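Take a look at this single chain in structure tokens; it is the form predicted alone.
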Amino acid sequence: MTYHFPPNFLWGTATAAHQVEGNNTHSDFWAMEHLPNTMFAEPSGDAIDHYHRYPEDIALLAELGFNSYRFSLEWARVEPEDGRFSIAALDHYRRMCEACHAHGLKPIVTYHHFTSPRWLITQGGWENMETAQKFARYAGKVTQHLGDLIDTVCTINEVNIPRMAALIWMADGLDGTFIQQAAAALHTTPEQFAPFMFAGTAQGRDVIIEAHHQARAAIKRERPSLPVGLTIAMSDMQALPGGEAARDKMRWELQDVFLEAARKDDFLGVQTYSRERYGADGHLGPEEGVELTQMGYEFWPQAIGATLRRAHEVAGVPMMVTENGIGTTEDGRRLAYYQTALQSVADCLRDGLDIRGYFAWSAFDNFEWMLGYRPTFGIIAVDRASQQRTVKPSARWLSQVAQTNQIG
């Protein structure tokens, strides 16, 4: 059955600066990638050189029929030293926004996507409440310089990822040697080491939420009508018999407290890849026999429908799917994932949920944080030796959906 999406629905893809730009030398992640005992499979290096190749990349996304592009700014480029802003970096991002407009793409701009300036980590990072003020100062400066060209602002990408990492992925603790070396490289102590992704304490949670709220206020002072929200990583959290209490406790810790913090925002970005299962003893691994992706997640594209419904129930604000996709070497499975996921989004729209856009993750195969370049999420392949881009069949299918504004 054919479904027509609402008029003015946003269709796009997404990237993050550190994952695509290359040579982000002032950031905390760059320092951590180059440690002798690093957690990272490889350094980001030149990435896909999007910093220089954005004109062609944006033109390619427009050619595919998308009407928007979600990308992030690199705080470490914009403010390489505490209080000293680079007009050259701000002008670079202004040119990116102008390129989007020239090709009919609305810029959906994320102000922080995991990476931070080195100096911020030296000062206590994301467990120091002063970081909220520093981030708001940066957000105000960016909005002053770029706000007239930005369509929508995501303040912080996946505000709950640090908490998720601490309570699930890194629950057994981090490698002590890595922490010692990273802390030394960033001129802090192991006890005060708090890059964004490692700020998983309750204090880190509170700092991140406060940073969002202060940044939102700073942005609104500059541009009162500019839509502002945050994005949250949401899995479909399912309880097996006897697992309801464990699921509900973790759902509050990892999702609901952040959804509640977004209730006064203009919108909420929902970012979903799979489901999580909970039993009486807590978090369970993938179900036996279910297909897994390169990331070890279950192939579970219908999760996006469940997370949109949960976000609507708790936050009660308009939503966008700001990330959704799959890491796989088989583009046929990527296409199947998107087909099922978008049917789930359509079902939510039929039921009256206010969903205003869908952004596939990712525009390009890129640097996947600790896992390096092995996982491939892109709808566009990149040969990093030649930097040649190759459009995948899944991109062609999404292109058709975007241009017709319908599926089915």
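Just so it is clear, the structure is predicted and the values come from calculations on it, not from any experiment. Numbering starts at 1 and runs along the sequence shown.
Another form exists, predicted in complex with ligand GCO; not displayed. Remarks below refer to it.
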Listed residue (Y273, Y93, W75, F267) with a non-hydrogen atom within 4.5 angstroms of ligand GCO in the predicted bound form | Y273
Answer option from F178, Y278, F193, F114, heavy atom within 4.5 Å of ligand GCO in the predicted bound form = F114
Consider E323 of the chain shown here, and say whether it contacts ligand GCO in the predicted bound form, taking contact as heavy atoms within 4.5 Å.
-> yes
Interface membership of A245, ligand GCO in the predicted bound form, 4.5 Å heavy atom rule = no
Consider L292 of the chain shown here, and say whether it contacts ligand GCO in the predicted bound form, taking contact as heavy atoms within 4.5 Å.
-> no
Using a 4.5 Å heavy atom cut-off, state whether E127 contacts ligand GCO in the predicted bound form.
-> no
Where does ligand GCO sit in the predicted bound form: which of 351 to 359, 24 to 32, 364 to 372, 49 to 57, heavy atoms within 4.5 Å?
-> 364 to 372
Taking heavy atoms and a 4.5 Å limit, what residues of 139 to 165 are near ligand GCO in the predicted bound form?
-> N157, E158
